[in-house]
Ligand code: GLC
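First, one chain by itself: the form predicted alone, in structure tokens.
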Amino acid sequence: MNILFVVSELAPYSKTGGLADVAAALPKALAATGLTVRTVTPRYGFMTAGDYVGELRVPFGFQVQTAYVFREVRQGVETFFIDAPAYFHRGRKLYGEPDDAARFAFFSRAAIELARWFAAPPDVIHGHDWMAGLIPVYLRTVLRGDPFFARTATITTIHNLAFHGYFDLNDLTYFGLPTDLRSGPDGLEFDGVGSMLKGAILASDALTTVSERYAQEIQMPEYGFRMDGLLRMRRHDLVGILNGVDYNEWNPATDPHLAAHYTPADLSGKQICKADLLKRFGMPVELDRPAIVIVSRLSDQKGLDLVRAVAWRILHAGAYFLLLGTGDPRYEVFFQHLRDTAPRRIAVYFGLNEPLAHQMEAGGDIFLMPSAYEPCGLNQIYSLKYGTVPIVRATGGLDDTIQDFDRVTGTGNGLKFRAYNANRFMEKIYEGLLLYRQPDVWRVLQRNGMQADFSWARSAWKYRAVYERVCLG
């Protein structure tokens, strides 16, 4: 099968979160199963990736527009970059522009036109989130009779249902879509505006999301963001497949960003990494003091309101607290104030810093991830591999990947609480700090996590099964 993998961000070229890591790792794992996979992503203005291969003509905005195509091959996967300066040269910010809807509607149509470059049409176009949400809509409407795509199936993966890709319904004609999509059973109207994600949910041949638990949760009002009814309607076409991680990129035995390497059999290098991390932030190197770390988007979704509620108690408990992230200014102001209050115990870095993210995972002892909801989550899986014990809330992929530690049986790979409550969260932090003071027990917990396997191989075969199902139709 030929798969066209369409995604709005791709590590290491462009990244705002876990989507970029998935987009880098999953195509490689799919190719290893014998599939032909081509990835398509925007070429943002700050990028220099790929070699120029030609111009692409894209019918959009009442005219035929020109984009430029660049190509690169990495680890058996061809990646094509769509360079359209009017849409994608906006500094270093990927999203959040007033015309995001038009930018990614254009990207969706450009990816479809790029598919015509290849000798055979794609068997499956696999889009991700609302940014590629109009691809199945185009194929079901204006391109319905196009013989080139007669046998092409579409799949959309929902990485985060909270983001819908809203647009003005009057822009349908500008996007080159029929106006009868304004309303009716196949309409894109959602609470008075258009929703690209709704279009993808209605028009895709199959839907996937990034953990089994999240696939169940989004069919309930609490987590469904008012799409739960549509998702229940399509429940037989919705599959939860847990994200994996690329252990070539995230492995403390080989990670080039670390001051020392280590394995489950020899954890001595982790202390060297901890000392290096503390030195990087100018903090006193007290290796017996537990280091609690967070690498996260700073938002309510990620449970930062709970972290803020317990931050002073963490400080009073005697731990280091180190945070890497960017997002809501309310949280940046709070954590900067916290750091200014206790600079020898608190460290913050606001922004994206990939090497530092690896160093935080290696140098930390405990990783906090108390999400209000979490489709899959990757940092808790990275933490397991790096022997940094995750404390998570039991939701979505966090519940699927973390088993609460039982010190009697020695089973479990982390610590988990259920009620979205600061006191329940802090109880688990206190439990983690107590376990940390028992080195023999702590090493069992660390090694349980480090020996877990969340590689992409198993998940890739599950995606392949979905591809085969929609192709057999």
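Note that the structure is a prediction, hence the values are computed from the model and not measured. Heads up: residue numbers just count along the shown sequence, starting at 1.
A second form of this protein, the form predicted in complex with this ligand, is not displayed here; the remarks below concern that form.
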#### Entry: Contact test, all of Ser8, Gly133 and Thr156, partner this ligand in the model of the complex, heavy atom 4.5 Å
no
### Query
Where, among 255-263, 219-227, 369-377, 96-104, do residues come within 4.5 Å of this ligand in the model of the complex by heavy atom distance?
369-377
### Query
Taking this ligand in the model of the complex as the reference, which of Val307, Val210, Val293, Val137 has a non-hydrogen atom within 4.5 Å?
Val210
### Task
Just give me the single entry in Arg116, Arg234, Lys279, Arg297 that has a non-hydrogen atom within 4.5 angstroms of this ligand in the model of the complex.
Arg297
### Message
Although the partner isn't part of this model, could you tell me whether Asn251 comes within 4.5 Å of this ligand in the model of the complex, counting any heavy atom of the residue?
### Response
no
### Query
Is Asn243 close enough to this ligand in the model of the complex to count, meaning some heavy atom within 4.5 Å?
yes
### Message
At 4.5 Å between heavy atoms, is Gly18 in contact with this ligand in the model of the complex?
### Response
yes
### 4.5 Å heavy atom contact, Val22 and this ligand in the model of the complex
yes
## Note on the structure
Looking in the model of the complex, the residues of 301-336 with a heavy atom no more than 4.5 Å from this ligand, listed in order, are Gln301, Lys302
